[in-house]
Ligand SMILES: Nc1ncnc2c1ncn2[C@@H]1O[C@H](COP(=O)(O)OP(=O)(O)OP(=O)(O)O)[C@@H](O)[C@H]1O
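Have a look below at one chain only, the form predicted on its own, in structure tokens format.
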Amino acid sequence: MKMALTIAGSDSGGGAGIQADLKTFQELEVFGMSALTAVTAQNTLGVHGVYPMTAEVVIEQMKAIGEDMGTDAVKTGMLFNAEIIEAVSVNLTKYHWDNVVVDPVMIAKGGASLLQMEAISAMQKFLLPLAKVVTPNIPEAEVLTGMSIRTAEDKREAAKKLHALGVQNIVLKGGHDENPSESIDLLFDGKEFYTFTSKRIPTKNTHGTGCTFSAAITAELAKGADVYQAVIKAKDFIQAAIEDGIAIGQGHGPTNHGAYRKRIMEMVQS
């Protein structure tokens, strides 16, 4: 069985963070492992507290994986501060983990900050050059590039800027687009642009979509898919998860991580 490691924060509500990542890995038949960067007190209404690990704790978790089990792909999510970002970057290099997906988590669904602003430069300098894929939404891409993103041309320019920082492939997500009927993601591999269009679903149950999408890409890379194939599979996975979202709690409910597998089983049985 192929293996994938998530280096991210814990979501006590189970919809995002390492919980979403491990569920996604399992659904896509990849053995999931984790290195915890922070604990959050979180539910569908928002983030009520963030309690970061020390960099030493993160390093020890990566060491435990690196010196014994290894991994076929790595995903980073919420890293919180510059010290953790630098520690993660050093150890990604140390263990020669180059199948790296960076989800530059900055803001929670409810608006809470999940990345200290002084950590942005550390991410640009140390982590992004190690990324095979980076998966920012539009607000995150604006912070990382220092530019406003409103048009399709803006998206392409932002992708080029991120590539110039050393990222091999950029998937600029379209969930924050103003188009009411569809969401368009943009993939840039340094040479070519590819677009992926999906129907926009009128639902508030979208908690953890970014984590789930990037985890699905990570799982597919772990299994040997190229980036283009991995993005297509991840798009199908997250679309099913959103369409069959779970209405729990009083706020933004989670996506349904089991929806994709259920649909595949129904197709096979029919």
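Residues carry their position along the shown sequence, with the first being 1. It should be emphasised that the depicted structure is a prediction, and the values quoted were computed from it without experimental measurement.
As for the form predicted in complex with the ligand, it is not shown, yet the points below apply to it.
Does the ligand get within 4.5 angstroms of any non-hydrogen atom of Lys155 in the model of the complex?
Output for Lys155 is no: heavy atoms all beyond 4.5 Å of the ligand.
Can you tell me whether Gln61 touches the ligand? I mean in the model of the complex, with a 4.5 angstroms heavy atom cut-off.
No, Gln61 stays farther than 4.5 Å from the ligand in the model of the complex.
Can you tell me if Ile238 lies within 4.5 angstroms of the ligand in the model of the complex, counting non-hydrogen atoms only?
Heavy-atom contact with the ligand at 4.5 Å: present for Ile238.
Is Ile232 close to the ligand in the model of the complex, meaning a heavy atom pair under 4.5 Å apart or at it?
Ile232 lies outside the contact set for the ligand.
Interface residue in the model of the complex among Met69, Leu45, Val57, Ile201, criterion: non-hydrogen atom within 4.5 angstroms of the ligand
Among Met69, Leu45, Val57, Ile201, a heavy atom within 4.5 Å of the ligand in the model of the complex occurs only for Ile201.
Lys94, His176, Lys160, Lys125 - the one with a heavy atom within 4.5 Å of the ligand in the model of the complex
When the ligand is considered in the model of the complex, the option within 4.5 Å is His176.
Looking at heavy atoms inside 4.5 Å, which stretch does the ligand contact in the model of the complex, given the options 201-209, 218-226, 61-69, 25-33?
The contacting stretch here is 201-209.
Does the trio Phe80, Ser121 and Val143 actually contact the ligand in the model of the complex, every residue with a heavy atom within 4.5 Å?
Checking in the model of the complex: none of Phe80, Ser121 and Val143 is within 4.5 Å of the ligand.
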